[in-house]
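What follows is a single chain, given as structure tokens, in the form predicted alone.
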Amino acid sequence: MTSSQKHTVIYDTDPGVDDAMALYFAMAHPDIDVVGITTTFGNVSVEQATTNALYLTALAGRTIPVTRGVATPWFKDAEAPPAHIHGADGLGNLGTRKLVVQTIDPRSSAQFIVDMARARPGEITLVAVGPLGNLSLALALEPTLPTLLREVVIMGGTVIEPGNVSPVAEANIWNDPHAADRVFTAGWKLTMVGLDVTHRVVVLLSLFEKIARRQQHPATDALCHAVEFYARFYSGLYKHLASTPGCFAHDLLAFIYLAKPELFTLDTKAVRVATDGLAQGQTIVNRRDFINYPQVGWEKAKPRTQVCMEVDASACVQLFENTMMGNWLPPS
């Protein structure tokens, strides 16, 4: 893949501060066309995620179909949203919001994914940055979905980097591990953008302030407010962010990978997800696939996933800045 290709995207998301960063980058990038937003529980409830998706698109002057998706995990008990990380509203507690008039598409998120894939076979990339229940349900509705989508890019999981909700698990996968394992074994072209790379890319609060000054727009003001809340959490947790507040790129990197995959080093291996016990949510990568493991679940025929292992962090930040500084917003 080259970075000059156009990408028609359905964005599966649980906004979420870094989800908002990713959405606005996608809107700003000339080679990315977001044709639908499907929401899920995760950083917030699915109801709040839907509200946030509608609000963020309207604030940026865009009309994009938004659908409400799964509200709970497939099997495990649901967890309370991490309000201490993203704010109670998912966007750093924005307070009073501007009135928006956009309405939700009546279809479920899974049905929307299936409908769009059937209508435009081979054209649509699914970028998923939350728990993977919508994709799992869409697979149940349309078993041939892996042949209908162009590709799937997931922000989730980790191989070597420690987890962020347990010693081994990343939050999106841990939130719905059964759905995630189904997605990793479905057989589509799949890329995992996990903590091994997202914890290498820090975007400073000062950059968001610079973007807000350049754009002078309610959308970038809201994003800057949300990132300030988000950065306070990370600055209190990681010593290297205490003196220069910022946050990990996380969901943003899924779209940066899509726009410029040459910034990443990939390893292509089979991936499975631990669905219970102390390792629940761990993305287990068969890094020695030359060995014929006898255990059920590691057969040679299992689908392979492209796993991002290394990243050019400074180039990612520069691409984000250059893109966000462009003329992508309507007059406020």
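These figures come from a predicted structure and were not determined experimentally. Start at 1 and count along the sequence shown; that's the residue number.
Absent from the display: the form predicted in complex with a small molecule. The rest refers to it.
Although the partner is absent from this view, D176 stays clear of the small molecule in the model of the complex, with no non-hydrogen atom inside 4.5 angstroms. Proximity of V129 to the small molecule in the model of the complex: non-hydrogen atoms within 4.5 Å are present. Residue contact check for T158: none of its heavy atoms lie within 4.5 Å of the small molecule in the model of the complex.
For the chain shown alone, T191 is not a contact residue for the small molecule in the model of the complex, no non-hydrogen atom being within 4.5 angstroms.
Stretch-level contact check against the small molecule in the model of the complex with heavy atoms at 4.5 Å: of 93-101, 165-173, 71-79, 212-220, the positive one is 165-173.
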